[in-house]
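One chain comes next, on its own, written out as structure tokens in the form predicted alone.
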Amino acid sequence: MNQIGNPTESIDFLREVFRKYYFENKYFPYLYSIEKREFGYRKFDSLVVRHLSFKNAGELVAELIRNVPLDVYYSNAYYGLPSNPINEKQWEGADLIFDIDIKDLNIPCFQDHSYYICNLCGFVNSDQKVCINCNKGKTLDISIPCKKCFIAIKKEAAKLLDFLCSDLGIKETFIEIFFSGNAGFHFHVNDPNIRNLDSNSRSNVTDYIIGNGFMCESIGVRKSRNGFMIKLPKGGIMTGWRKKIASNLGINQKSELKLKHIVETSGGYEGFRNEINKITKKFGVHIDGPVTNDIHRIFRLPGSINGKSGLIKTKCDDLESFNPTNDACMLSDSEVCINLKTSLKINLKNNNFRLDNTLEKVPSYVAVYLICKGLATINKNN
């Protein structure tokens, strides 16, 4: 789990809640071609089990109820023999997947709701140093995203959707967007026409979306003996990255003189290249490249519990109206007692909780969230 040193009672409590959820939610509506997927899961002791396969959702649910994992994963790839070793699975293609996370956005408020938890004793420290309680463990940075965080990550997700549809020409019907269950969004692109892309091709897609490697020449600025020259591309500059940069510079296909002036005031070719890098950094999407590039990735299963929060990986049909801390909070309302490690404020299921006491009675979904975050333990004596 996020925190090592959680009492056995807390893990037993989580396992009981997780088992109940999987027993009552026997269907995974966004899981298709199940017989061709590799499955895996992370146990509560952090051990990972991989190379599992199931013929149907019933077999999968039976496994989850029997073993009650902390996290559940399935492959973006389709295999002829999914339970075989990686080199013997008979790869048949893979969905294109994307992962964007709040922590990668460098939002100013992020540190205001971060907690530093010892990886050995679970003590909540005031900063990222050696634990002041045991003097041995290192602190892990755990965050409870706020409303501003979710607004920012939804804007980032909207940017990614625009890249996929407008720039890459992928039909929106092939794109499924999911809240990850913790602090980000996952995109699943199941377009059969791109299923056979190899890792290098996916890496090119990643670079394009991030904005890596955009050249001044692409927008008509070329290096020359006299410094630079302007020659706008015949294909125009009002599509894709060219359009994004041109719009930011305030130019169009007939703006050669204006572009020349911009390059001159930027300090010539090299100065203009630095300006281009700033623009691509601004308009590019903060995706996790290795996730997209990997054609054998096991990715969090839609509809499963995220062990970092107790929230569910949930389908998002409308980014603007989606409320992660409400729409993905699907566990029980029954009240339990917890031992809180620090005072804090959170909002779940549209309810505000201000927790100041060491011992608090809270709904189960709050208890699960805080235990998964390492900020509380279950109290079975009350």
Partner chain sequence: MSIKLGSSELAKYPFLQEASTYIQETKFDFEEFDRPEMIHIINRAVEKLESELKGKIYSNLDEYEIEIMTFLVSLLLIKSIGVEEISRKCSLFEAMRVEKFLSTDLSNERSLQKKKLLVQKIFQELFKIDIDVDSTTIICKLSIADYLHRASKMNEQEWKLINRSVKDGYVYLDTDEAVRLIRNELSNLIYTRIKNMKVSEVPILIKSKADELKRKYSGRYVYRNQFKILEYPPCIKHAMEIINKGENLPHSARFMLATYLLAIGKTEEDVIEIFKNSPDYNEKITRYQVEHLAGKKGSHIKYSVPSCDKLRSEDLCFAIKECENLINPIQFGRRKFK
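Residue numbers count along the first chain shown, from 1. Everything quoted here is computed from the prediction, not taken from an experiment.
Keep in mind the form predicted in complex with the partner chain is missing from the figure; the text below concerns it.
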Quiz item: Of G267, P290, G250, G80, which residue is found within 4.5 angstroms of the partner chain in the predicted complex when only non-hydrogen atoms are counted?
Solution: P290
Exercise. Name the single residue among G137, G211, G220, P145 that comes within 4.5 Å of the partner chain in the predicted complex, judging by heavy atoms.
Key: G211
Quiz item: Does any heavy atom of S224 come within 4.5 Å of a heavy atom of the partner chain in the predicted complex?
Solution: no
Quiz item: Any chance P108 has a heavy atom within 4.5 Å of the partner chain in the predicted complex?
Solution: no
Exercise. Considering only heavy atoms, tell me if V205 and the partner chain come within 4.5 Å of each other in the predicted complex.
Key: yes
Quiz item: Quick one: does N190 come within 4.5 Å of the partner chain in the predicted complex, counting heavy atoms only?
Solution: no
Quiz item: Exactly one stretch in 307-315, 195-203, 149-157, 178-186 has heavy atoms within 4.5 Å of the partner chain in the predicted complex; which is it?
Solution: 195-203
Quiz item: Every residue in L31, G40 and K55 with a non-hydrogen atom within 4.5 Å of the partner chain in the predicted complex?
Solution: no
Practice problem: Sequence order please: the residues of 140-171 with a heavy atom within 4.5 Å of the partner chain in the predicted complex. | Solution: S166, D167, L168, G169
